[in-house]
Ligand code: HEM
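Before any questions on how it binds or moves, here is one chain, the form predicted on its own, in structure tokens.
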């Protein structure tokens, strides 16, 4: 079955709405960050609000806000989960999930350690590698081969639908439920699009987001019940959650649905944005595309460099649990600290020629997937999907190039970076 037969206007509208919600003002973000690194690397200001985008905090908060721009300072903040906590997210982004806002992003201390320990084995390379062939087959058979006769299309159709198809396969959706996955994915996008700067819109977006979260959770609970009744357990997320122990007990179907539902909304969307940035960079420099095609061992390096050079999320926020200071600037207890990871990833003290995309760059940790206790648990799956996508495109569309009949794609976004369209053609 081709994804062309199952495209969803609802999903595409939800993705567009999410992108617009976090687009903000059209500025040269990297130039602004560079100036801040050099002149004033720690400031008391709501930097993201100045760019007209919301963060994971509740817009109605009254806490002082600081912004941090240097790599070393941001590494320290993200590493020290005792001093710089994440619980404030429960009253911010968490409120759009309904219930008690129980999402792993909003957990601190022992609660976070226990939940991550529950989920971590499912997302580690040893388990994820078992899906390599399946992910590759999905990319080739369901997405690339069906469009080959067209000679041209918008590559972002593949970029949007493929990661969602994969993640719902890994969750454990049976084939007879796959027809619903794009509608469920649209619900997930509606949830993370909830945060607003305009308080007058907040009540409406909370209502719509919580409704979407409830419907998504209900489907996941239904899936958990079905899997438990059938007793056919595999490596998929639902099976592993059913079999896992949490605080000495097995999870109920409702808890399985809650845990899975808290992970889903951003799981495909972040891969979509990374794919859009990576392909824009590579196809805008055909010599790079040809080099990767000739030496596939460079693909992981290209993916890592893309996440540094154009990370999909520009900021990560924490809250100070006590009076402290960063680079001599006093940070009071309760203050929100905006870590501009987009700035850290181009810090001249860490990355040589940081404004150049260089796949031969000496490896160094970038913060696009976070750092410390809250590092993204799904990054290995995302990278595997991207590798499968690139290999499939190179094998089946060796003459892939940007379509000159359309404007060149441009990466934009003050909070979430990415490209909406990448028109390509091939022979």
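This structure is a prediction, so every number in the text was calculated from the model and none was measured. Numbering follows the first chain given and starts at 1.
Omitted from view is the form predicted in complex with the ligand, to which the following refers.
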query	finding
In the model of the complex, the residue from 276, 338, 343, 270 that sits within 4.5 Å of the ligand by heavy atoms	270
Single option in 293, 219, 90, 112 placed near the ligand in the model of the complex, where near means a heavy atom within 4.5 Å	112
Residue 116, heavy atom within 4.5 angstroms of the ligand in the model of the complex	yes
4.5 angstroms heavy atom contact with the ligand in the model of the complex for residue 369	yes
Residue 390 within 4.5 Å of the ligand in the model of the complex, heavy atoms	no
Any non-hydrogen atom of residue 173 within 4.5 angstroms of the ligand in the model of the complex	no
Contact stretch among 154-162, 343-351, 320-328, 102-110 - heavy atom within 4.5 Å of the ligand in the model of the complex	102-110
Sequence-ordered residues of 289-328 touching the ligand in the model of the complex, heavy atom within 4.5 Å	312, 316, 318
